[in-house]
Structures are given as C-alpha cells and as structure tokens.
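Only one chain is given next, in structure tokens, and it is the form predicted on its own.
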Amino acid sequence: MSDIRLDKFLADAGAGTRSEVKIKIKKGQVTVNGEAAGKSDIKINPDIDEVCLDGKKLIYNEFEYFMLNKPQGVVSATKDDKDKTVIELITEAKRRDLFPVGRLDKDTEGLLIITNDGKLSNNLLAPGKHVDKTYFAIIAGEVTDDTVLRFTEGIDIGDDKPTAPAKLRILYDDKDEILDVDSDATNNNSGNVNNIMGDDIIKSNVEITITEGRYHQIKRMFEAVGMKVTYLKRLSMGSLSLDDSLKPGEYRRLTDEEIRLLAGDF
C-alpha cells in the first residue's frame, strides 16, 4: 500500500473526522512507531508503520464489506433529506466512504452489499459482466409456463431494447389463495392485471434471476405481461447469498472467503 497522510489514516481507521483527529494529534494522543506524531500531514505506510491512539494500536483497512438485509422503508443511498438510508444502518463501520452496491427500491427487501470498494462495485454492476441477481417475488396474477417462456426470450419494458433473458421459476401457484391488493394502486401501477375475479387476485410466488439492473426492472417486466409485483426480496448477487440468520435491518461483515468469491464472479 502506498504512503498516506496520518490524519487520513486515523479518519479511515475510525478514530474520528479529519478535524477531530488533528486535535488528537496536537494533544499528543497519537504515536507513530512509538514517537509522538506532532503533525497531521506526515506520511506513513499502513503496511509498515505502527500507529497508536492513546496507546492502542489502530488497524487500517483500506476496504470494508458488509452484507445487509435491507428492510422496507429505507432508501439505497448514502444521504437522503427525508428517509433513513442503508448507510445509517451500518453502525459498526470505521470507514466514512461506504456506499451501497447498486440499489434496491424503497419497498424492496433483501441482500445489499455495502462497501467502499469501487472496483468491486463496478464489476458487480457492469452490464457486460452478466452477474446474476436472484429475487423472490409475490405476484398479483397467475404466472404460467408461458410467462416463464416469455421471460427467457426477454421482455419489452419500453426501453430502447428488450431486457436480457431472465430465469423465472414458479415456486407455487395457489389459485385458492386470495391476495388483498388495493384496486387504485393496482390500476396505477400495472394497468390491467390478469386473473381478476371481482376484487380478488390470484397470488403467484416466483423466483427470478436477472443479469441487468434497469430502473424498476422486475416490476416493469411483470407489468409488461399484465401482472403486478406486490413483494420483492433479493436473495443473492453473484456468489453471495443472503444470510438466513439476518433479520431485516441486520447486517454482518463479509468473510474473507465471501470477498474472494465475489471478486471471482467476473
């Protein structure tokens, strides 16, 4: 790793903001290789030099990686004036430059990677990499084998070109199970919905895998075939699957093996 400024090292190691750590350096709370630092702009090598704050050695991690089970009602952003962001949920982070890899809609749950590794993020999201993203969805409408076939051929959702082929799997289709869907919301979001029996709508549970990340893509794909997504949860991205032990809003750090496998997905 190349040399960096001491104040940046301290801030990235979670010792405080740049201004806060400069004060600590001036007060003599910071040592480098056993000597008082004195100045905040001195250069150090994180791989070689030992930096201590109040006698405690600091560990520098250039990158941090978290798996978050994103809950509904939280936005996939670093800052937002109205809503809580996914970054605010990561309370144990040391780095202040974290961001979500891609985005999940506000009402969508499930796997979201939080990191500051721009290269990993770009590779996972690049259209040419074709990284699989798998979701569980509840659909207002009857998903049939014909629907599955149409998804494998790509769907016209009003963009310049149809979507890339998607894998759609019917988990079960219970025609006797009625889904309570607000009629106004249904009309606003999907126009004519298949299989409407008065105010009752058939519910289909499906698993869908896509390799793109277009705006509201899965919702628009089902709207294009006359159905409505009423619940959506991301289960996996590339080699990384959502940890079943994480409840919505909970997170954990990725293991070294998970990071290695993610890097090998492209």
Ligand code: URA
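Please read these numbers as outputs of a predicted model, since none were measured by experiment. Quick note: we count residues from 1 along the sequence shown, nothing fancier.
Beyond what is shown, the protein has a form predicted in complex with the ligand; the following relates to that form.
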{"query": "Partner proximity in the model of the complex: residue 104 to the ligand, non-hydrogen atom cutoff 4.5 Å", "finding": "yes"}
{"query": "Contact label in the model of the complex: residue 217 to the ligand, heavy atom within 4.5 Å", "finding": "yes"}
{"query": "Close approach of residue 151 to the ligand in the model of the complex, 4.5 Å, heavy atom", "finding": "no"}
{"query": "Any non-hydrogen atom of residue 232 within 4.5 angstroms of the ligand in the model of the complex", "finding": "yes"}
{"query": "Which of 36-44, 236-244, 53-61, 218-226 sits within 4.5 Å of the ligand in the model of the complex, heavy atom basis", "finding": "218-226"}
{"query": "Position in contact with the ligand when the complex is considered in the model of the complex, options 147, 108, 163, 115, heavy atoms within 4.5 Å", "finding": "108"}
{"query": "Residues within stretch 135-168 having a non-hydrogen atom within 4.5 Å of the ligand in the model of the complex", "finding": "135"}
